[in-house]
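One chain follows as structure tokens, the form predicted alone.
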């Protein structure tokens, strides 16, 4: 019985969580399951910025559900995907999301190794222990008599599963860091951890733009500073996104050092619009950013004002481009030039629920279908 429980404990230990720096400025930091870990201006992270507290964040991992609770302890702001973490409150950090330790700086991510959530694997790898008195296994002792026939079927499935698993000949030390010893449980878990490491890190939906920047079917043009892509779900006849190649999660993390970059982004957007307007003089364009972007990686929209698109379906779609929620690119540049930072517009999310109005004549509309019909006929 002791051996049985040791095996179960070993199975629990196969899942491990690590915090890694996106710039690889320090070794990976282990986050034990359900054990609070304090990070900040410490030698482990190599952070020397005095705006970062020595106890800036408290991280508590849940290895079974594969997420980390992040509690902000320091005075200055920390962000998950560009969204501020309130002081003394916890926010959930998923795999693939960016965690900026302080003031939009020092990007980190978490990842998990092992296959704890693969329940089929756990059942397959735990060996059956025969008893002395009968041919039953230990697991049989806890199952009522009428259920044993079903157990035989599951045991057969387990044997088939085991027969398909090819053991790994040699454990790769590259998939485990110096402070992590190889698990003796399952070579299948080791293979899964290794494949997870090689797989793209853009897992969470909010990271979709980073993956799109590498998609040749979406990329329109690029240079040393930016990438232009087609919006995957365009809200108008012409709809592009211009993203910097540097990791900038949102406009809130901009500083005066980024002014020239923003001017370059705007210039590229205007050149795209000019190419269209040279052939179609009646087409209008706007260039801007959403007040609170839902996608990580800052991006400027270049969008025509016809709003002819099947992807334009909801009130939030409409209001995000036709109210003050859509901030002109020139306004962002002016704020940085005059005040050194971009205004906090988090309270503007209420604009997404404003009543529908035509963006030209401001006439109220009942619903999206009637709005689309009105736009087709409405003149300036």
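The structure displayed is predicted, hence computed values, not measured ones. Positions refer to the first chain, counted from 1.
FYI, the form predicted in complex with a small molecule isn't displayed, but the following is about it.
- This chain is displayed without the small molecule, yet in the predicted bound form the stretch 292-300 from 255-263, 82-90, 271-279, 292-300 comes within 4.5 Å of it by heavy atoms.
- The contact residue chosen from 237, 105, 230, 245 relative to the small molecule in the predicted bound form is 230, the criterion being a non-hydrogen atom within 4.5 angstroms.
- The closest non-hydrogen atom of residue 219 lies beyond 4.5 Å of the small molecule in the predicted bound form.
- Looking at residue 209, you'd find a heavy atom of it within 4.5 angstroms of the small molecule in the predicted bound form.
- Although the partner is absent here, residue 241 is a contact residue: one of its heavy atoms lies within 4.5 angstroms of the small molecule in the predicted bound form.
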